[in-house]
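One chain follows as structure tokens, the form predicted alone.
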Amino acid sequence: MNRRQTYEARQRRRAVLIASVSTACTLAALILLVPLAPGWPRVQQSFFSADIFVRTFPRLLEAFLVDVAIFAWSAPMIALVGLIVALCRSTRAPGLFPLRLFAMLYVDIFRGVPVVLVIYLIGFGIPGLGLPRPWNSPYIWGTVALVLTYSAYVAEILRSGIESVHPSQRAAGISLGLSEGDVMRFVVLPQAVRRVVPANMNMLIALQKDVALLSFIGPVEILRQAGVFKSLLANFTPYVVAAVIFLAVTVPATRYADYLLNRERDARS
């Protein structure tokens, strides 16, 4: 190990030590000072009741499976629609300009409107047309609202990946006799998709959380079930239970997204 590597290792150890000490001091201050607040006993009873936590956890975990199911069938549709919109947005053929214009309008509209508003408009508006069962299901139209909104974000992420591929890659493909479609399929898209995996992982994490917004239009998932328990028990602990369940899923996924981002950055450096 040379002198530079020794110095860098010593700096890393020093940084880890400082971070550990500062974190320990912060946690100790919170543990010691928060209980001294005058209203802490009431807050503890209202938000951190161990008995209510144990009683409501199984039902809330069961309701969370509804969130997981909606996420599972929404994510592939979002990826497909996002890819189609990104390809329409990236097309350079003059004859396909209407598709490019449509993709631009689509992205501008659904990125500009809050997801909860889209859920309200679609989740209440379309069933209001008097459609027969099952076509008036909030699960269907809530899923549609999520797909429309998140596809706009995913499309822009994919488009940024497509545009990050150097033009020389396209030129090389064409020089080998590939058509424009084959260049996009075999040359550009594989590189673009790899580059945007970390960003799309973050979108998946956001989607997992925003599935809870469908509770506003009817599905009894974890947020709605927590609200039911809150009303029955006159206690906010069920919301804390729901937060813990979400964290158990999203924190590992977030760390994995960070790992992918760091790996991509190291590969480029």
Partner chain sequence: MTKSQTMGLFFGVFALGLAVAAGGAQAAGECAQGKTLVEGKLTIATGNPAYYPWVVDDKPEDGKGFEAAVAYAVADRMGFAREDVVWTRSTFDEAIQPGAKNFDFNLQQYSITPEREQVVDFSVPYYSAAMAVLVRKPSVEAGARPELASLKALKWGVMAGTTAQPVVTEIIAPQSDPLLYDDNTNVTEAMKAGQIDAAIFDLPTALYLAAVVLDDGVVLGQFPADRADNPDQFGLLMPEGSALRTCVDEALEALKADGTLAAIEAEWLQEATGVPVIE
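Numbering follows the first chain given and starts at 1. All of these numbers come straight from a predicted model, not from anything done at the bench.
Beyond what is shown, the protein has a form predicted in complex with the partner chain; the following relates to that form.
- Checked against the partner chain in the predicted bound form, the residues I31, V244, A234, V54 give one hit for a heavy atom within 4.5 Å, which is A234.
- A heavy atom within 4.5 Å of the partner chain in the predicted bound form is found for exactly one of V240, A69, L204, V228: V228.
- Although the partner is absent here, S137 lies within 4.5 Å of the partner chain in the predicted bound form, judged by heavy atoms.
- Residue contact check for Q208: none of its heavy atoms lie within 4.5 Å of the partner chain in the predicted bound form.
- Residue contact with the partner chain in the predicted bound form: P98 places no heavy atom within 4.5 Å of it.
- At a distance threshold of 4.5 angstroms between non-hydrogen atoms, N200 is out of contact with the partner chain in the predicted bound form.
- Within 4.5 Å of the partner chain in the predicted bound form, a heavy atom is found for not a single one of F48, T143 and A248.
- You can rule out all but one of 69-77, 145-153, 119-127, 106-114: in the predicted bound form, only 119-127 has residues with a heavy atom within 4.5 Å of the partner chain.
- Taking the partner chain as positioned in the predicted bound form, the only residue of 185-215 that brings a heavy atom within 4.5 Å of it is S215.
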